[in-house]
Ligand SMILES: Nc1ncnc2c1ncn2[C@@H]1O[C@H](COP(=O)(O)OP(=O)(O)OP(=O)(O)O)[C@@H](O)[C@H]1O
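Presented below, as structure tokens, is a lone chain in the form predicted alone.
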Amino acid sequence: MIHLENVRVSFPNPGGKRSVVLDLPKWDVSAGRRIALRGPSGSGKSTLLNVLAGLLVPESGLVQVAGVKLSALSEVERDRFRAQNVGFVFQAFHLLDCYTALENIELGAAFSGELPDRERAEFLLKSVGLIDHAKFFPRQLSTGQQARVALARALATRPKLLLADEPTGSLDIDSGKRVLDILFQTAEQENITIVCATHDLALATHFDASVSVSAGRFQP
């Protein structure tokens, strides 16, 4: 599902030099695996997720997801690939305030170029325990409920790869566990590969494998 070779990302700093934020010689992840990226803020976890999603193009190296070389795609093609193949759960959720919970989930399909799938959206909303909140707007939902809607939206198009950036970071223990349980159950049923960035060591133990990231590099 994921194949990286000699991927390097750096950003300019005020001194005029470039700071390396990601430097990965090689990384492979098989389809259906659940991988946790562990590390503190600034370690390169979010940068790696953005590279895998095609949101960020590395200055060098090969990024291949689901058999597609992302670097060979134009920006428009990367956007379409991401919409059709990748689900992304952002730390801040990024729900659209002017749409209901159900409509936010339906938008996941709309962005991929497909017609909104009301049946799929309702199924997912029921799966995350919020079918009674279908007409609620994000401001009317708790933080934990918003997290579950964001997860349902990421799953709307049956993605091959789901990326999650600290998905339980703002949740209490019970809400975080519920989100994780839903994520794992759906991923197993639909053979979705998961890469999740977290600084929570306890959370990482629930994944098939965890990788420690420091200064943009994988650590033993």
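Numbers follow the displayed sequence, beginning with 1. Just so it is clear, the model here is predicted, and its values are computed rather than measured.
As for the form predicted together with the named molecule, it is not shown, yet the points below apply to it.
Novice: Which residue, Thr47, Thr193, Thr168, Thr157, has a heavy atom that falls within 4.5 Å of the named molecule in the model of the complex?
Specialist: Looking at Thr47, Thr193, Thr168, Thr157 one by one, just Thr47 meets the 4.5 Å heavy-atom criterion.
Novice: Flag Ala204 as yes or no: does it have a non-hydrogen atom within 4.5 angstroms of any non-hydrogen atom of the named molecule in the model of the complex?
Specialist: No, no contact at 4.5 Å.
Novice: In the model of the complex, is there a heavy atom of the named molecule that lies within 4.5 Å of any heavy atom of Pro12, even though the partner is absent here?
Specialist: Within the cut-off, so yes.
Novice: In the model of the complex, is there a heavy atom of the named molecule that lies within 4.5 Å of any heavy atom of Ser43, even though the partner is absent here?
Specialist: Output for Ser43 is yes: heavy atoms within 4.5 Å of the named molecule.
Novice: Check Val21 for me: does it contact the named molecule in the model of the complex (non-hydrogen atoms, 4.5 angstroms)?
Specialist: Yes, Val21 sits close enough to the named molecule in the model of the complex that at least one of its heavy atoms falls within 4.5 Å.
Novice: So if I measure heavy atom distances to the named molecule in the model of the complex, which of the stretches 64-72, 35-43, 148-156, 180-188 falls within 4.5 Å?
Specialist: Selected range: 35-43.
Novice: Mind listing which residues of 177-210 have a heavy atom within 4.5 Å of the named molecule in the model of the complex?
Specialist: The one in contact is His199.
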